[in-house]
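Listed next as structure tokens is one chain, alone, in the form predicted alone.
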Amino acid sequence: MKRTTIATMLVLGLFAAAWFLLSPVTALLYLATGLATAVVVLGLNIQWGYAGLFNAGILGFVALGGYAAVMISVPSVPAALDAGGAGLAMALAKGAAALVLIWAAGKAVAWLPRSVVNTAQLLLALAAYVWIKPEFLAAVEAIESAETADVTMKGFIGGMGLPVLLGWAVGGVLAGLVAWFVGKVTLGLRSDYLAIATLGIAEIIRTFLQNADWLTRGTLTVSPIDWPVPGPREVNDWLAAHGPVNLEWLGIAADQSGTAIGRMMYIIVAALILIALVLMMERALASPWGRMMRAIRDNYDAAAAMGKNVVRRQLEVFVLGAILMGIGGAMLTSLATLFNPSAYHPPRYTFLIWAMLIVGGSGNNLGAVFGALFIYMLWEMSEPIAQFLFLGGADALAAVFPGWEPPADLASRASQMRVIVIGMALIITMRYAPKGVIPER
């Protein structure tokens, strides 16, 4: 209880610092992003804290969730669909049929040596690739060259124009499906090989999303993406029609009230989802399933000797964690109202997520939530605080040493303090709380 109280005070302190030193709307943005990120960290806690699976490919599942928000909520582009939609659908149908055929062929000759079966399936896959590739490339070229009424959507097939909350759910499903495939291939490997495999899969996903212009617009980005609640623009339009809302007692200026209200509503939705997920995971952790997962984590061989299907159970928890990562990735993309595949970098979406779990406490869901909120706000607040200290220190040095001038890029160097501050937080945590601020009981 003492540690939980200290953790709560740390998060509230950083939130208050952002509220009063920067602006209330900025603090609300940090809180909303922290809550969405906490869903991702909760997924990692399920994989590592429950089952001991080292996932170095968090970025890939987060990016898949982000794309799902685009695929579901963004309207379709009729001109692109008319140009290449039929050919694309036929190519995808052929691909699905080829997968079924490869699977059925493997089952039919399962009595043969495994190396022979694998070779036959590989040859079938190569033949299917040669068969499908021309039709697929022709459809993609037609989509990317189609003339559209909106030039910002040129070369893009668009989405389905459905509610964004459905996109969040589909983000979890899509990430879970990919995790099932990855898990079938990689689970059973030792932890270091599993980490390398998941890292490679994440880079494949990121590279594909960056280069599939017809599907994601690549580096051109997709925007805007809807919120599940009225966004700042909609709230401002409503206030313009019905009169302003006085939030000056919270320190929020009149021209920022619409943005603040929109972000508050988003925070409520994100908090409700996070609370529901934490309660479900706490119930699962206290169940026989949760005790079994911790037994597998602590002693793989002993659990297998007791008759547990270890690889199957690890696959379950790997997929479950990836589902939460996909949901969190969709929430983050919706919050940004922008999908930019080039923005998915391992330091932000893998290293920082691991730092959050380590600082918060692996194996403890409340610790994962605290780590996400604390580390993200610390990450964001490091730059303005460093700028204040750097510029103040430069003035002091100039007063002591007449004629001394600070470097021209002193302010920009403050952004590099983020990595140093997070590194210091990790070192301090590992020294004084090696199991995290709120450790597993």
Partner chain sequence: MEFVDWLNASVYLFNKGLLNAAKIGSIYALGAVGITLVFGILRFAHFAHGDMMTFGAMVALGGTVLLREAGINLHPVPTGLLALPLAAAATILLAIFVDKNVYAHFRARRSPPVVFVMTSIGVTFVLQGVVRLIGGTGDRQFFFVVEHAGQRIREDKERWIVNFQWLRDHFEGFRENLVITAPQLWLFIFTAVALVCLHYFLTRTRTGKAMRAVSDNEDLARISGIDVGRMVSVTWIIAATLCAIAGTLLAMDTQYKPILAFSILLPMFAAAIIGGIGKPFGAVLGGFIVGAAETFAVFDWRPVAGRLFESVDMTQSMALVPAEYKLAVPFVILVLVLVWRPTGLFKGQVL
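Only the largest set of C-alpha atoms that superpose within 1.5 Å between the two forms is called the rigid core. Given the structure is predicted, the values throughout are model-derived calculations rather than measurements. Numbering follows the first chain given and starts at 1.
The protein also exists as the form predicted together with its partner chain; that form is not presented, and the subsequent description refers to it.
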Point to revise | Residue among T337, N211, T148, T221 with a heavy atom within 4.5 Å of its partner chain in the predicted bound form | key: N211
Study note, to complete from the structure: Checking L199, A83, A91, A128 against its partner chain in the predicted bound form, the residue with a non-hydrogen atom inside 4.5 angstroms turns out to be L199
Review point. For P163, is any heavy atom within 4.5 Å of its partner chain in the predicted bound form, or not?
Key: no
Review point. Any of the heavy atoms of F351 lying within 4.5 Å of its partner chain in the predicted bound form?
Key: yes
Exercise for review: Classify L124 as contacting or not contacting its partner chain in the predicted bound form by the rule of any non-hydrogen atom within 4.5 angstroms, answering yes or no.
Suggested key: no
Review point. Looking at the partner-bound form in the predicted bound form, is T207 within 4.5 Å of its partner chain by any heavy atom?
Key: yes
Review point. Only one of 75 to 83, 253 to 261, 129 to 137, 306 to 314 gets a heavy atom within 4.5 Å of its partner chain in the predicted bound form; which is it?
Key: 129 to 137
Check your understanding: Listed by sequence position, which residues of 424 to 441 have a non-hydrogen atom within 4.5 angstroms of its partner chain in the predicted bound form?
Key -> M424, L426, I427, M430, R431
**Study point:** Shift of R114 between this form and the one not shown at or above 2 Å (CA, core fit)
**Key:** yes
Check your understanding: So, does S412 move by 2 Å or more at the CA between this form and the one not shown, with the core held fixed?
Key -> yes
Review point. Comparing between this form and the one not shown on the rigid core: C-alpha of I102 shifted by 2 Å or more?
Key: yes
